[in-house]
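The chain below stands alone, shown as structure tokens; this is the form predicted alone.
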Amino acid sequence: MSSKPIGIFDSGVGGLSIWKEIHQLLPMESTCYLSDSKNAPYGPKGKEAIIALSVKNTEWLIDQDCKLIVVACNTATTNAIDTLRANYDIPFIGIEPAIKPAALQSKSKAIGILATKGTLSSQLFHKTSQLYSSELIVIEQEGNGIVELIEAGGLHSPEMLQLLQSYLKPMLDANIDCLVLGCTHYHFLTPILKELLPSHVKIIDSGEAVARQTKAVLEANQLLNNKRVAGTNTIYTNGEKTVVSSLLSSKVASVQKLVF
């Protein structure tokens, strides 16, 4: 059981940012990543559609004999993880915007949250936001168009730069000092955001925390790989393999085209 792979899914390539953190922390673990790029983005879809896609992804990963599943998608976590945990006898790790660390670190008492519509409108997001940001100015911004551009290979396009400039303006006008990235796709924007933001604005995402939680859950369930051999890593996509490859800085994973 312990040598079985960790399953990871996202509405596309964004969750590769989570996969990288997990692989870095747990290099002996095998991983099986599912990029559902054909249905990206999940954000504009309704709750029922998001749950149906998450169930489909989960069942595919279970068929691959995964021992644990990381829902590396903010929208899928906030809308579907309760359903997944109630219906499948396998540990799940979710991801949600890192509002708590932003609230604790902010000195200007103003933070920005860049996320998808599906995340910002979810009950879990509102519950977390109310719990940690009641005394803050919070500028929420839907990142319309960002996921589509990344999935199409337009990460460094003029269109992306224009979108980000327009989305950041109201946040900068409010004097934010923390920017929460509420979608795993947005991790890949970090170098661009650092160029556009003042140096004192801290960019916060959830990748490292998700990797640490994955390790903790594996340990608690006695599922850590006990073989002294590095794991194998396979990334499956129903989108363009070239987009996946462009976001992988190493060749520790094989990329496979999937009809799904």
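Every value quoted in this text rests on a predicted model; they were computed, and no experiment measured them. So that there is no doubt, residue numbering starts at 1 and follows the sequence shown.
Not pictured, yet referred to below: the form predicted in complex with ligand DGL.
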Any non-hydrogen atom of V180 within 4.5 angstroms of ligand DGL in the model of the complex:
no
I150: touches ligand DGL in the model of the complex, heavy atom cutoff 4.5 angstroms:
no
What stretch, of 188-196, 218-226, 202-210, 66-74, brings heavy atoms to within 4.5 Å of ligand DGL in the model of the complex?
66-74
Using the arrangement in the model of the complex, list in sequence order the residues of 116-133 with any heavy atom within 4.5 angstroms of ligand DGL.
T116, T119
